[in-house]
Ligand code: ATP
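Here's a solo chain for you in structure tokens, the form predicted alone.
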């Protein structure tokens, strides 16, 4: 288990991380979210012991993270960190050796992952000859080749098509099932909702929202009513409890204050013709994120 306890980090007079605390249990996927400059990268670097001049405490399985512990951590960076003139084999060997693996073990595991990703033919190709999506696969392999105890994934689906997103998703879930602690960071909130049980949202290095995703949605109260049919948008917009009505493709999204208004809205909607869908959903994490981050900046 990873524990981050009351951690703060200054760059001169700038407080990049402000008294941050969270924990990621074994076999748990945790979301670390925020806008650019919120303190996520600094937090990752402190966890990996690339930055050690901070206050507070960071431990993995009860031990302070230092260079004796970093071999247990895998990190997929948002930016490309591959050496493009190296072959795939040499690149992965380079990372594997840094993590304490021997070359035979690295090559055996590389063959497994290349086959898993259906790119075995690229083993002796130079990184620069690969597409952006295939480079992302190699970067991912570098992060998991040593089967880390803690895996940090920063925008892991960058450059991937939907089929490969699904492949990555399944592999991430396999690591979760093996007991790996996973930190997942993305600006795509639908990807976060797909994985994360718990999360923290940072603004200027400070947590403005944290907890289990289900609890966060329950506490947020606001709901979305999805309707298909011939409704009078203006009339619905004036109903008690309705915040606003949006049209998306062939559906109307009716945003309401809370679930207590659902029955009355259903009664009014049923008066319109050709209603084929009426579904009540929680607000999306994207909506909650935008509102909470906006509130934090207004303070």
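Predicted model only: the values in this text are computed from it and were never measured. Positions refer to the first chain, counted from 1.
Just so you know, the form predicted in complex with the named molecule exists too; it's not on screen, but the next bit is about it.
Non-hydrogen atom contact residue 31 with the named molecule in the model of the complex at 4.5 angstroms: Flag for residue 31 set to no.
Touches the named molecule in the model of the complex: residue 238 (any heavy atom, 4.5 Å): No, no contact at 4.5 Å.
4.5 Å heavy atom contact, residue 279 and the named molecule in the model of the complex: It does not: once the named molecule is placed as it appears in the model of the complex, residue 279 has no heavy atom within 4.5 Å of it.
4.5 angstroms heavy atom contact with the named molecule in the model of the complex for residue 56: Residue-level check for residue 56: no, no contact with the named molecule.
Residue stretch of 38 to 46, 250 to 258, 66 to 74, 227 to 235 approaching the named molecule in the model of the complex, non-hydrogen atom distance within 4.5 Å: Among the candidates, contact is made by 38 to 46.
Contact residue in the model of the complex, from 147, 107, 90, 78 (heavy atom within 4.5 Å of the named molecule): Only one option qualifies, and that one is 78.
Contact residue in the model of the complex, from 169, 187, 222, 123 (heavy atom within 4.5 Å of the named molecule): Residue within 4.5 Å of the partner: 187.
Contacts with the named molecule in the model of the complex, stretch 8 to 24 (heavy atom within 4.5 Å): Going through 8 to 24 in order - heavy atoms within 4.5 Å of the named molecule in the model of the complex - the hits are 11, 14, 16.
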